[in-house]
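One chain is shown next in structure tokens, namely the form predicted alone.
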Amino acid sequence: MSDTKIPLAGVIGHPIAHSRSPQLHAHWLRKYAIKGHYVPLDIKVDNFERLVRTLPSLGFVGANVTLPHKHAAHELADIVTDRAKLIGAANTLIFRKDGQIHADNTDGYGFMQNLLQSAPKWNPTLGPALVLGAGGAARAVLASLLDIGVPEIFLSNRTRERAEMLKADFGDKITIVDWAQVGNAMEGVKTIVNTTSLGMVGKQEMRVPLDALAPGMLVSDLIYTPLQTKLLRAATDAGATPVDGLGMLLHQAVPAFERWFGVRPEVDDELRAAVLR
């Protein structure tokens, strides 16, 4: 009998039963014939650091981290990537053989790869973008859009103060727009990204005017439950290019899977179908 340990990974959150990450990683483990397991880990806030530090001794090579633990994951790590530092949160932990915990944030990578795969003709440099929301996901989106060359970003949040905090961190290319003016702010932009929970199953519907949506725009909604939100349906009806949020979930998992299991997986239609089942 071999004494080689089977690598374990998982997704940590509270609650976590809704996560589709187990289906996602299980598909890749089967596809690439890797002897490993990926499991959901429901850990309460008060137990997060203590239990995370026990995972390597149980055979875990790493973990994904979701709400409400992303900031805590960033804080407990021994090594933090530059992109995780910029966002101030981590969604990926790697348990190194030397005992150190390595933290990364792949949300921005997943967001951008989803856009590039879903809308290959999109040219981010042609005009300004509008980002809705000012949470952790918005930070990842802002960093990615600025990095790829978007010339100006209009940022709007229901609580203006949180948007002002992001402007202070990201600089003069960010212009704050009052939430009441979101409909007007859509006129003339080339890219629109919703990072809020508005329109998600169980959440409030998005109640902003959408009549300014037009052909030539790319409209991305980070929500994937449902896949077709009110915003994306309106974008389709207006002749804009809609991009759902499922692809971001799939692409953000690629770097983590590669670090944990040694294979760089592929995001394709087969994977989408497996996750949606």
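Residue numbers run from 1 along the displayed sequence. Owing to the predicted nature of the structure, the values given are computational and were not obtained by experimental measurement.
The form predicted together with a small molecule is left out here; the points below concern that form.
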query: Region of this chain that lies against the small molecule in the model of the complex, out of 196-204, 80-88, 95-103, 118-126 [heavy atom, 4.5 Å]; finding: 196-204
query: The single option of 71, 190, 173, 158 touching the small molecule in the model of the complex, heavy atom within 4.5 Å; finding: 158
query: In the model of the complex, the one of 223, 55, 243, 43 near the small molecule [non-hydrogen atom within 4.5 angstroms]; finding: 223
query: The small molecule contact in the model of the complex: residue 134, any heavy atom under 4.5 Å; finding: yes
query: The small molecule contact at residue 249 in the model of the complex, heavy atom, 4.5 Å; finding: yes
